[in-house]
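Next up: a single chain in structure tokens, the form predicted alone.
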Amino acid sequence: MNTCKIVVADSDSKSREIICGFLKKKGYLVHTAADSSSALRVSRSIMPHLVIMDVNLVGGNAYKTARIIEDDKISNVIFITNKLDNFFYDWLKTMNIYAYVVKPLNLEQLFQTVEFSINNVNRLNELKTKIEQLETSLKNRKKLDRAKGIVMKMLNISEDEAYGYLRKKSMDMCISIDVVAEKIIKKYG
């Protein structure tokens, strides 16, 4: 059973009903919104995996609402449109997912776009996590190298001996070597 939460934001109740019914049959947990403010409110309250938003949503500019949803890291947005023009394509290029569906809706195409988008969002999130881990690792490595340099200079020892010194301090103090390096940098750097 699919546990992905989707917000369907469409001012047309008939269209909203068709999309929601179809997505529920596919196993998604579906929430609805009929205007921009309720789309934002519902999205903030449930933190959905995806928001499907009609560009003609009443109560405000759908593009600005989508931008808020993405900038606040609430979710990602797929647009529903019946008008493909340069403005739409230019706006779409600024979104996290370059995806949209065209009215009249082909429900199978909608399903494929939703699946594709959720898979890409998951992949992007995994990559972001890996990047953050690598950046942290690199930052810690730089700290460790700087602390080794300080220890080498202070104690007139080799790089290997300085690393051994830092490692021993880490074990003696029961803290990570990164914290030891940070303390040495703050005190002597």
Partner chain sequence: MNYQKNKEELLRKVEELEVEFIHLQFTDIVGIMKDVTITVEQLEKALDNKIMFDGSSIDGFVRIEESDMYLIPDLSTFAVFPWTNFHKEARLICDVYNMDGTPFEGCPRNTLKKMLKEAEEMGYKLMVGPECEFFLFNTDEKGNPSLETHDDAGYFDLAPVDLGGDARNQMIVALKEMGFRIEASHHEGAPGQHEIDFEYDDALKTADNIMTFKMVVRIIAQRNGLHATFMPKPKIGVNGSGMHLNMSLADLEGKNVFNDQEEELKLSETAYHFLGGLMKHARAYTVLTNPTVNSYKRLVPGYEAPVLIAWSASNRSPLIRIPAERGEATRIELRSPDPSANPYLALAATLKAGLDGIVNKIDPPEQVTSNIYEMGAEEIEERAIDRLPINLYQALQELAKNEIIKSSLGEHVYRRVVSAAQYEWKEYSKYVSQWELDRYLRKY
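Since this is a predicted model, take the numbers as computed values, not measurements. Residue numbers count along the first chain shown, from 1.
Keep in mind that the form predicted in complex with its partner chain is not shown, yet the notes after this line are about it.
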property	result
Of N125, S45, N156, T136, the one that lies within 4.5 Å of its partner chain in the model of the complex (heavy atoms)	S45
One residue of N140, N56, N120, S37 in contact with its partner chain, assessed in the model of the complex (non-hydrogen atom, 4.5 angstroms)	S37
Contact stretch among 126 to 134, 160 to 168, 65 to 73, 144 to 152 - heavy atom within 4.5 Å of its partner chain in the model of the complex	65 to 73
Three-residue site H31, R41 and T94 fully in contact with its partner chain in the model of the complex at 4.5 Å by heavy atom	yes
Any residue of 114 to 144 that, in the model of the complex, places a heavy atom within 4.5 Å of its partner chain	none
